[in-house]
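What follows are structure tokens for two forms of the same protein chain, given separately as structure 1 and structure 2.
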Structure 1
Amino acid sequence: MSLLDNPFAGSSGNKISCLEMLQAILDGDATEEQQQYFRKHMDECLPCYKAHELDMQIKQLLKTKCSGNPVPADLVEKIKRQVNSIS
């Protein structure tokens, strides 16, 4: 995969970080083309895959525990920091 093929790069051509791609996916802001690119990218980037899986598991857990109510954004970040400090 080259930067030219990266639909996240936009017209500026700037390289976007794995974390920025992941955030767009998790926030639901990514286009279908970007989602496909990211799936392919995750096949090649183990750290991205692990971060994506962790975020998805945390958000799913919080969703079930919060009875469908919105989860405070800072709570997700606090949990991720605590998980990362353990790892």
Structure 2
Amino acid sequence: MSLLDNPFAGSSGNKISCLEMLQAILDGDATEEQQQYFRKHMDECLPCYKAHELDMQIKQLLKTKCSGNPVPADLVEKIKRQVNSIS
């Protein structure tokens, strides 16, 4: 795939920056084709490689450390009771 075929380039044909590509990847907004292009791009762009590694680690840490607070056991029952009383 040549750089001319950058799948990130919009219809406007604007030059796409590393930052824009990186964010699309990070935000989960990149297509399969774009992800593939970016993986190749990282082979030749050290700033992107480093930033991607760091950002993905943070994303992973967020997932493992900031979710999964158990819902208080009585909450679901309480909600069900209240819904039953209004239906």
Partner chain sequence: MEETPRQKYTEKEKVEVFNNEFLPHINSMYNFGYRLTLDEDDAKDLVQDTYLKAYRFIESFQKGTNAKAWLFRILKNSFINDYRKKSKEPSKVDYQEVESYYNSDDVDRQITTDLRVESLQDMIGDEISNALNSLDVDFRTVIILCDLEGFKYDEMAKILDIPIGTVRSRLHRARNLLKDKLSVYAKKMGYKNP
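Whichever C-alpha set is largest while still superposing within 1.5 Å between the two forms counts as the rigid core. These numbers were taken from a predicted model, which means no experiment stands behind them. For residue numbers, the reference is structure 1: its sequence is counted from 1.
Structure 2 derives from the form predicted together with its partner chain, whereas structure 1 comes from the other one.
The Cα shift for Glu20 between structure 1 and structure 2, taken after rigid core superposition, is smaller than 2 angstroms. Core superposition places the C-alpha of Asp74 31.8 Å apart between structure 1 and structure 2.
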